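One chain is shown next in structure tokens, namely the form predicted alone.
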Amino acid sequence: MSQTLASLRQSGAESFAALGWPNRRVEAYKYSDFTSLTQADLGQTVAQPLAELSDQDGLRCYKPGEAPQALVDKIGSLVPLDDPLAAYSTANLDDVLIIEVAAKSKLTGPIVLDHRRLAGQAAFARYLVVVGRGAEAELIERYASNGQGASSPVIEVFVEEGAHLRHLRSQTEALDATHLGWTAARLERDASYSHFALNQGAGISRHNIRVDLAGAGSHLDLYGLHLLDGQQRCDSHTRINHNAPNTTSNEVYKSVVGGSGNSIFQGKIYVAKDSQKIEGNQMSRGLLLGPRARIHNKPELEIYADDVICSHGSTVGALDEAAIFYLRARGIPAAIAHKMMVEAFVQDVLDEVGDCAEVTAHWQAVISSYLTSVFADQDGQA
């Protein structure tokens, strides 16, 4: 392990020793108590191989010992070690893969980070992605597992001036697994970053997202979808920092919860002093599929400039019984009617995923499998 990684790992260990697992007294974890993980079996720590990427013109991959120092210096610069989960992951990091997209390159295929953790393992994948000036790229990040254990990945993303990156992330781990992820990004002048997060797996999951719009004219799209059932608990915490003027952001998170599941969304839009002429919009919507399902949404605005347009909103409700009756009256079985309503609810998020056939097919398959499972009893009665 290089001196840089060893030092970073030591800093993470010291921070986590001081912080411990967060509880509800920590504002950022208001609806999630992770102290139970102190006694949980999170699996045996393994040096999980990082993704192997196919060769493409304009794409370069490095290990820290081989990379230019300017790239190495970026490792750990975006993820705050005063967050317990970031500190936990950093304390256990084994290696980092540095991915660089050369300036003005337009990759012909996506960058795919595919992780399939085995039962009983604890994995701590770590990536640094740098998209050079004027470049265009698509990043696909997937996490799956076949049993108990934990994944705690961290990815840091730098989108340089005039560059564009689409980032599609899916988490479909086993229901007895724990998933604790961190995504941090920094956008320079006129850069754009679109992030899509699908969370359907793991019994306990948390995904922290922090994006700094550091350059004037930069733009962020942030979309998320929770699909929960049983006793799953999924927590997404986002922070969008408008640190430069003329920046824009659009955020939409949706949750569908059945059984005794618990979906949590906390999102903050922060506007720094003198960051004038910015626009930030945030919306969170939840759909409850049963009397025991729970959704907690906590949208926030923190604004220190006066020439801004910012909005946030939140809605939570059940399926529209009148619409269900309308469909049933036309001969559509109950299970199919309910599925159609949920599919309509999540469709706008799916539409934003775009024209990546591989990702669209994967998301549609996950949604279909989830709905079949949730409405299995109704299928049997139809």
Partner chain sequence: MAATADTVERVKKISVETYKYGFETEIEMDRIPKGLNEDIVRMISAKKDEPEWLLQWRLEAYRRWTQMEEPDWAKVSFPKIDYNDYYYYAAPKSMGDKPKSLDEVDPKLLDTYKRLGIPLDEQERLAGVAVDAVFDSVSVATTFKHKLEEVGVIFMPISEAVAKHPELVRKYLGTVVPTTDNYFAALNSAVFTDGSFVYVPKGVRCPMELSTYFRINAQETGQFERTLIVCDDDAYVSYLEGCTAPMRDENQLHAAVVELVAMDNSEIKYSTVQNWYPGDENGKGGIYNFVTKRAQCRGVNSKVSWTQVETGSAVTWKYPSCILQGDGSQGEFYSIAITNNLQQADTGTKMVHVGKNTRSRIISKGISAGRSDQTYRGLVKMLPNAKNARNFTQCDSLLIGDRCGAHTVPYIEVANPSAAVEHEATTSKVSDDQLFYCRQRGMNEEKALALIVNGFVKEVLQELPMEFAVEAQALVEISLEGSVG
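All values derive from a computational prediction rather than experimental measurement. Positions refer to the first chain, counted from 1.
Not pictured, yet referred to below: the form predicted together with its partner chain.
Novice: With its partner chain left out here, work out from 217 to 225, 110 to 118, 283 to 291, 132 to 140 which stretch has heavy atoms within 4.5 Å of it in the model of the complex.
Specialist: Heavy atoms within 4.5 Å of its partner chain in the model of the complex occur in 283 to 291.
Novice: Can you pick out, from L175, V252, A305, A103, the residue that has a heavy atom within 4.5 Å of its partner chain in the model of the complex?
Specialist: By the 4.5 Å heavy-atom cutoff, the listed residue in contact is A305.
Novice: If the criterion is a non-hydrogen atom within 4.5 angstroms, does every one of D41, P80 and H195 touch its partner chain in the model of the complex?
Specialist: Verified in the model of the complex; spot residues all out of contact, no.
Novice: Could you confirm whether T248 comes within 4.5 Å of its partner chain in the model of the complex, counting heavy atoms only?
Specialist: No, T248 stays farther than 4.5 Å from its partner chain in the model of the complex.
Novice: Look up in the model of the complex whether E161 has a non-hydrogen atom within 4.5 angstroms of its partner chain, and give yes or no.
Specialist: No, E161 stays farther than 4.5 Å from its partner chain in the model of the complex.
Novice: Check P299 for me: does it contact its partner chain in the model of the complex (non-hydrogen atoms, 4.5 angstroms)?
Specialist: P299: yes, in contact with its partner chain in the model of the complex.
Novice: Quick check on G317: any heavy atom within 4.5 Å of its partner chain in the model of the complex?
Specialist: G317: yes, in contact with its partner chain in the model of the complex.
Novice: Can you name the residues of 3 to 31 that have a heavy atom within 4.5 Å of its partner chain in the model of the complex?
Specialist: Read in sequence order, the residues that approach its partner chain (within 4.5 Å, in the model of the complex) are E27, K30, Y31.
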